[in-house]
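One chain follows as structure tokens, the form predicted alone.
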Amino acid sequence: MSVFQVKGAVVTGAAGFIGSHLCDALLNRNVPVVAVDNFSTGMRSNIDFLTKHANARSLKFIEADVIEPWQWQKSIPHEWMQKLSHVFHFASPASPPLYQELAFSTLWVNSLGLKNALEFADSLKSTGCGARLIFSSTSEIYGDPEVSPQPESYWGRVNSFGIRSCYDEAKRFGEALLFTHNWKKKTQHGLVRIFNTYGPRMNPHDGRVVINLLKQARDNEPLTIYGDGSQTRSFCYIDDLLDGVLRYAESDITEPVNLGNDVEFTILELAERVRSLHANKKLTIIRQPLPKDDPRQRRPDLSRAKQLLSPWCPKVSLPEGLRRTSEWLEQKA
């Protein structure tokens, strides 16, 4: 039986890729969801999708910036406030082009925004129902690792004074803030370290590698890889990630847990799989310079997740996930 069953939730970053899928999964359980986003990187089409859900009556969308004081919480109906058991703080730019463009917002949403979310979650204790916060951290806290696969015990190798530091270090600070909050206030909030995740409803223009390659293939353009393509990533389909997130949320775990897929591919191998998916188009592959501080390797050690969240494990293979995502993208053309 779940220790912290999700009975009602606030989801920040609800118009984002993962946030919208999380809202969808909760609505499928008929859980009341307060969805919050300011559309700095999220897509209005993701909220439109949620408003057409069969259980859309259980959705309340609020357009707000979670960095600012949460005055909007006053608009949440009292009966919903009584049901809120979880706060999922998933608001943050996540692709390098976007978090570098919105560098200050990236820093603030993972610090001030998280502070606001923690205080809101704690305030719900006065209603008698309590609230557990789940923070979306990232594999980027490991930086350019010297250890593979990366276990949660690895402290990372991160450049704190570089172009990616606004994201990497913001997430590391967020983890430190959550740890300290639990330590000093005796709370039971938690975090998941999310590795590369993909699937339908990704922003086709945000520059992340899977959707970028699939969009180029759809548009019959050359597939772009950076460097020689030997850098590796491990790609997790969104359904597998959400299964892990919800299992974690309903546990009493407070320590970090890696969530992703531990099957490793080079970027060149990924491009070749996308090209195979569109074999009728005879796509070429072109190379661009490797971005500064781009990690050479990324693969999660999932031992902790498989033990603590049993029977969770990633199930969707890369070819199957690419096929599903490509079919969705073709429908958007």
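One rule holds for the numbers: they count along the sequence shown, beginning at 1. Keep in mind that this is a model prediction, so the values were computed, not measured.
Same protein, other form: the form predicted together with a small molecule, not shown, and the subject of what follows.
- With the small molecule omitted here, the record of contacts in the predicted complex names 208-216 of 208-216, 239-247, 69-77, 175-183, defined by a heavy atom within 4.5 Å.
- Each of N196, I267 and P291 comes within 4.5 Å of the small molecule in the predicted complex, counting any heavy atom.
- Using a 4.5 Å cutoff between non-hydrogen atoms, E140 counts as a contact of the small molecule in the predicted complex.
- Though the partner is left out of this view, Q231 does reach within 4.5 Å of the small molecule in the predicted complex, counting heavy atoms only.
- At least one heavy atom of P96 is located within 4.5 Å of the small molecule in the predicted complex.
- For the chain shown alone, R299 is not a contact residue for the small molecule in the predicted complex, no non-hydrogen atom being within 4.5 angstroms.
- Of the listed positions (N220, S153, N159, T224), a single one reaches within 4.5 angstroms of the small molecule by any non-hydrogen atom in the predicted complex, namely T224.
- The partner is absent here; in the predicted complex, the one residue of H189, R164, R201, H86 having a heavy atom within 4.5 Å of the small molecule is R164.
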